[in-house]
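One chain is shown next in structure tokens, namely the form predicted alone.
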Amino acid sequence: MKKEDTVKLISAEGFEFVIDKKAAMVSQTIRNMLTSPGSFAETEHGEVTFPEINTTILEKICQYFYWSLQYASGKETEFHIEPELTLELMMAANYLHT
């Protein structure tokens, strides 16, 4: 897979998730960051840092992006969310418009 087909999402602790750009585009916020006109670092380097989202939550968000693509293509499966992650995940989802 080519570098321009991927996006690097970086958590508050500095952990990096390299995911398909198509999956990342599930998020309206990430889509805006990566496609904005101008010379923004996110657009130029294909990476987005989330200083307010911890690694566990960002990992779950990445899983959701892939699940969402599968669901949109007709594969209906369950997306499990651990109860202890619910509040933080809802706040992150709200920010990411997912």
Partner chain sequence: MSQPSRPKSPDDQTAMYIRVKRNKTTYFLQCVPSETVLQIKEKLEELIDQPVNDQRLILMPNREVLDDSKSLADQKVENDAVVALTLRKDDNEFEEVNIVRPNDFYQSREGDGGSNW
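Keep in mind it's a predicted model, so treat the numbers as computed, not measured. Numbering follows the first chain given and starts at 1.
Just so you know, the form predicted together with the partner chain exists too; it's not on screen, but the next bit is about it.
The candidate spot formed by D20, N54 and S73 is fully in contact with the partner chain in the model of the complex: every one of the three has a heavy atom within 4.5 Å. Proximity of E59 to the partner chain in the model of the complex: non-hydrogen atoms within 4.5 Å are present. A residue is said to contact a partner when one of its heavy atoms sits within 4.5 Å of a partner heavy atom; T6 meets this definition for the partner chain in the model of the complex.
Shown alone here, G14 lies within 4.5 Å of the partner chain in the model of the complex, counting heavy atoms only.
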